[in-house]
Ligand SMILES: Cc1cc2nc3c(=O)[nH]c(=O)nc-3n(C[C@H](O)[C@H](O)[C@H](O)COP(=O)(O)OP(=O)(O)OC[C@H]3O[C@@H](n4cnc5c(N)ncnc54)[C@H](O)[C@@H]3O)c2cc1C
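Just one chain follows, in the form predicted on its own, and it is written as structure tokens.
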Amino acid sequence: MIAAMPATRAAGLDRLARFVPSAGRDYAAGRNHDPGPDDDGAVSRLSAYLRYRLIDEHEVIAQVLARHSFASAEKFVAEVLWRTYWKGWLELRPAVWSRYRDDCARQRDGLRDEGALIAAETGQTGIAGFDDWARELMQTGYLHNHARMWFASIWIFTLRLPWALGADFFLRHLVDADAASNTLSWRWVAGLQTPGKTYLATADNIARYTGGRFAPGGLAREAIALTEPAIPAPRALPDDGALDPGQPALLLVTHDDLHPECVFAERRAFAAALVADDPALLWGDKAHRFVTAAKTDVLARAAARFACPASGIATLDAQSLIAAAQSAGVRQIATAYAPVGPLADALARLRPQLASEGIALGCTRRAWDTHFWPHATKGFFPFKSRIPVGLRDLGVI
């Protein structure tokens, strides 16, 4: 079994450096092959570091393109930008996140065969590959992207289990659990994301890309798209609510962005740095353990970069934040912008509570997100056509 990855920025940068030489044609040729849990294969295994932004999309792509031409590394660059696209797509349509949460609750309440759900989640369906992936996910907190697609397709179209409960199963076990990438990928397999377009797992495809490890029988022969009411049109990208940079503030670091040095200017005046402890906003134990391990690293980095005291780790609630701000002698708290998801929901609830005590909560969005997210109005391919221009505008190429 592949060893757990250290939850530090240095470890993420080291993994990136080791992957960069193979990020071009080697990645393009092998990215769909899943050799199993004991072998990384051609993929980078950077997803957890990117998910919590211990490393970020800008530096990953910049390092890759410093070694490879855009043409040879296009598949990998596009894969990284899929993450950006999913974030932007959901940011422009927050009602889809609310709908997913409602669907999850409704589907669980209406579940008729709990035994079938338990069998799927514990890897006891008798379907080769599927059961192995369920156990691999629970043991390691990771699945190859192709295996995630096969698993979701079998869950929805062969086992006929509710799609939102499958997405919830992934969120509860993935180290890189992410509201946008996970929810929208499951919607895509089900035929909801691109209405009428589904993904059907087949035994031949699974056998080919697992090196013959699995060739499951009895899979669904067709994938009839699920349907839903029309979703709202995309909204404009909301104001990020940044604070007055000339006034001192408490720096609040959350799990959605563990690299505040990249978000805020080096000379930003912070009276102290605080890392939020928010286990309720992380779905599973593996994600929580990864983030918890990263917090000591991020707190030390933030205090060093901004030359401010490290206030430690505190619960993400109004009482704790008010006390921390008052202790630091400030009337504003600055944090990185949280995209649509549980953390953004929590910050929205906290903002008026803090304001009632005269403390402003402001968010700063990364230039990467501000540039790319507004273009996620349609499918990925219109978005993809803008990638080269966007990378030039941001100084990546």
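Keep in mind it's a predicted model, so treat the numbers as computed, not measured. Heads up: residue numbers just count along the shown sequence, starting at 1.
Note that the form predicted together with the named molecule isn't included here; everything after this is about it.
Looking at the named molecule in the predicted complex, residues Trp89, Ala164 and Lys197 place no heavy atom within 4.5 Å of it.
Checking 166-174, 311-319, 266-274, 107-115 against the named molecule in the predicted complex, the stretch whose residues place heavy atoms within 4.5 Å of it is 166-174.
Interface membership of Glu79, defined by any non-hydrogen atom within 4.5 Å of the named molecule in the predicted complex, is confirmed. The named molecule is not shown here, and in the predicted complex it never comes within 4.5 Å of any heavy atom of His33. The shortest heavy atom separation between Asp256 and the named molecule in the predicted complex exceeds 4.5 Å.
Proximity of Thr364 to the named molecule in the predicted complex: non-hydrogen atoms within 4.5 Å are absent; the residue sits far from the partner. None of Ala28, Leu46, Ala344, Val330 but one reaches within 4.5 angstroms of the named molecule in the predicted complex through a heavy atom, and that residue is Leu46.
Interface residue among Phe157, Phe290, Trp186, Phe130, judged by heavy atoms within 4.5 Å of the named molecule in the predicted complex: Trp186. Residues are counted as partner-facing when one of their heavy atoms sits within 4.5 Å of the named molecule in the predicted complex; in 119-147 these are Tyr142, Leu143, His144, Asn145, in sequence order.
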